[in-house]
Every structure is written in C-alpha cells, then in structure tokens.
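Only one chain comes next, encoded as structure tokens, the form predicted on its own.
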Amino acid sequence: MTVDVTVIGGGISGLSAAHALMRLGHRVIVLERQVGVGGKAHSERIGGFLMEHGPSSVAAEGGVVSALAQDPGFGHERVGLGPDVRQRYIVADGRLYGIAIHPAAFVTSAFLSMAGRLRLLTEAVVPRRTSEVEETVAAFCHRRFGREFTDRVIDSLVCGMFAGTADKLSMAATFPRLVEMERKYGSILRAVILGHLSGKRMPARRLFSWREGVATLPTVLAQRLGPRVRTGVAVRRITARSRGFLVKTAGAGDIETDAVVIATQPHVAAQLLDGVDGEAACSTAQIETPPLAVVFFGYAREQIEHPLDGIGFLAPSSEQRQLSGTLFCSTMFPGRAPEGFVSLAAYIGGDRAPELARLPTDELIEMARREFAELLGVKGEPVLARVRHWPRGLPQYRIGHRDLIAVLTGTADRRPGLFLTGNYFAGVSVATCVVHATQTAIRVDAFLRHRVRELAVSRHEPICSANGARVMAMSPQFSKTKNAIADSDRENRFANFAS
C-alpha cells in the first residue's frame, strides 16, 4: 500500500490531524492498535447513565475548535453547561466550601483568611520576575499570590486539571500564557481585570460536550475518514528511506508513505522513534504519565444531601484526601443520568498518589463511597458503580519539559517527513489537542507541497497536478488556526479560579 501520510494513533489528536489532511486532499491512512478509536476519549451509556472514562468536556476557543463545534455533523448534538452550575467547591477543614463564580469571589469569600485575601490583592504590585531560571507552578504562585492561595487553590487546581503536583510541574510549560501575562503586564490580576473590562465571558461558561459525550468527536471524525481508519493494527517498525518511510505493521501489511505522523502516548512514540530519531525517542521516553483511576457512581437524587450546584469539587493535598477531585456529571450536562437520579465521577491517583490508582476495583469503590458520605452526605448503596483504571494517565510537564518539546518539534528537521502530535506537546485538554493536531497537519501539508515542487523542478515539469491544485486551494482555510493554541482551556480555567 502507498499513501501520502500515515497517521499512527486513532485518538483525538491522530483523527484530527488525519481529518485535516484528508480535507487538504492528501491520501491518508490512520493506524490504531486498539479495536476502536478515540483513545482516552471514551463515553459509555450504562442504563440511562453516561460515564466519561476520560475527558468530560471541551472548551470552544476559537479557530478550528469553534469550527468543529458549529459543524453540522456535531452541532445538533452539542450541549452546554447546565443552569445549576453556580459554585466551585474546594475541600477545606474536612468539608466542602462553596465559592461563587464571579471575578472577585476569592477576595470577598471567607474561604481564604483576611491575610490570604490581602496577600492575593497585593499581587498587582509584586515586581515582575526577570530571571530566566525555570520555576515550578508552586514557586511562581507562591511568589505572585502568596502561600495560602497557592496551597489551598492552586494545588487543588493543578491536581484536578493535570493529575499533577504544583511543586513538580513547570510553570512555563504548564501555563505559558500566565508567564507571558507577568512579562507583558507585570501582574496576573491586572491582566485578568483588563480581560473582564474588555467584555470577555467567564471561561467556564464556554465548556460544552455532546449528548452522547466527548467520544462523539472521535466517532464522527472516524466516520468521515471511513476506510482510511484501520483499527486492530499494530505498527512494528518505521524505517526511513531516501524519500519517505516504510511502515511495517501487523494487520495492514507494509505501507510506503511520504510522511508519518505519530499521535500516540509518549511511551509508544518512544518505541516507534527508536531507530528513526534517537533524540526524539529519548525525549518522549522521559515524559511521565502516572496512573489514574475514574470511579463513576449513579445515585437516586434523594440519597445525596448536597445540592450538587457546581461542576464538582477539588481537594488540596493538605487535606490528605484520597480523592483528588470529583465531577457532578449530571449537573454539568443534561442527559448524564435518568430522571430522578444523579451521577458523580471521582478521580484517584495521578502524580499525587499513583499507588492508589492501582488498587482493585472494590477498594476504589469503597474509598470513594466513604469520602462521598462524609463530604456530600451520600447515604445507601449506589444504583451503579463502575471503575476505569488508566495504567498511564496524563503527561506531566516537569521542569525541563520545554526542552524536551523543542527536541520533538525538531524531529521534522532531523528526519524530514516525520511529525509528532499529542497531549504532551501544548496541553492536555481536548481543545488544545485538536488545535495542535491541526497545526501539525498544516506542517505536513507544507512539507508535501514542497516535495511536489522539488520533484517537479528536478524533472523540469510544471506543478499542475489536480491534487496539487486542490491542496493549494484549500490551505488558506486552515492557516487561521496557526495561532489558536494560545487560548487553550487549561489557562482559561486557571484564570477563572485566579480571578
């Protein structure tokens, strides 16, 4: 088999890249070793309940993500946040503390001490940092916001969003836009206030999903790609040739291809890159993905005392909770539970407590039930209980992560035609993955068009093929996404809490 581009990995990143390349007129094939597509974006309907095994929402952030959200194939199934999302909850002193969703909430609420609130306000006059030495998220936030806000809010947020720990993650890699805010405005609060004054909507209100869950996205993309998607196919080896690559597989034979896009988890990418690009193989192998467990429950509404009037709750490490956070799934989006019932999803493990994520199903269910009884006033047996073990969870953007990404971005220079994309590049959110994958497709398209020109020049031929004309004509519609990645939902949610 001969194709223009071989995409390895049928998750959101791989399918998004392949979909863009198909629309650009290229012959593309997607190879997925699992029996189904979607990767971690897996939604399951269980007796009227909808369980999200992986990501639970998407942020519409302009460019290609907004375009997908409005696409006729997706739009009619789109659902926004429910009207009962009114507060954000954080565990404090053994109970849930509700904080209203408005810009001044952390200053007006008694969640922080008076000293903590005053320290938060002084962020506007904290001198900007001039050193180029990389900071952790904890160090950056201690310096700008004070220890109390960092330990009680930022610690919780980082664990909930990235399954990580604030004292290990790189601020520049995890929240680059906030670092840029300090550099440009001298203050995060000043930048956020200016944003509110300019009429920007609250970030959380832009979250959405689909009636049958986030898995709708990869499902529809795969349907559009049709026979170009091959599941149950394991890639054994990638061999570079003088012009292009040979991809050896188990299940689809040998594939001759001009370009390869690796859109797998980093540990799989490391194996595939071995022998093709040693530098990139070494870099991907260094990216850690601690295990994570999702514990999903269905309850009758009367079994729970708490109003469940928020997205969910987060727990700072100082509270020594076994749950890092919980989503109130049926409050977030309609159709997540039958009438008269509610659904909850608890998250356990990650970088904070990887050993807990490896516990057996029964132990995880009992662990979550105990904490729900204490924090939410849950009584009785759940009508539904499910657990999803992820042996490898979210990638951790440690100190030095930017250097690793610089090596990986340079793969196409060291080995022309070889590209990578995935949630370890620019952010773990669905929106960011779609944008980065589309940007990668644009780079692949540019490489292939350059190859066509080179070949034509070497043969003294005009560049007038139907495929070349189609690619040149369609390229502009994708060029507007080149800068879209700056506004990923990971930073908007951070700003929502920080404001």
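Numbers for residues come from their place in the sequence shown, where the first is 1. Bear in mind the structure is a predicted one, so any value in this text is a computation, not a measurement.
Separately, the form predicted together with a small molecule exists; it is not shown, and the next lines address it.
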Review point. Within a 4.5 Å heavy atom cut-off, is residue 430 in contact with the small molecule in the predicted complex?
Key: yes
Check your understanding: Is there a heavy atom of residue 170 lying 4.5 Å or less from a heavy atom of the small molecule in the predicted complex?
Key -> no
Review point. How about residue 263: is it within 4.5 Å of the small molecule in the predicted complex, going by heavy atoms?
Key: yes
Review point. Is there a non-hydrogen atom of residue 53 within 4.5 angstroms of a non-hydrogen atom of the small molecule in the predicted complex?
Key: yes
**Study point:** 4.5 Å heavy atom contact with the small molecule in the predicted complex for all of 91, 326 and 370
**Key:** no
Exercise for review: Sort through 389-397, 281-289, 309-317, 131-139 and report the only stretch with a non-hydrogen atom within 4.5 Å of the small molecule in the predicted complex.
Suggested key: 389-397
Point to revise | Option touching the small molecule, based on a heavy atom within 4.5 Å in the predicted complex, out of 299, 145, 419, 347 | key: 347
Practice item. Sort through 331, 411, 423, 257 and report the residue having a heavy atom within 4.5 Å of the small molecule in the predicted complex. Key: 423
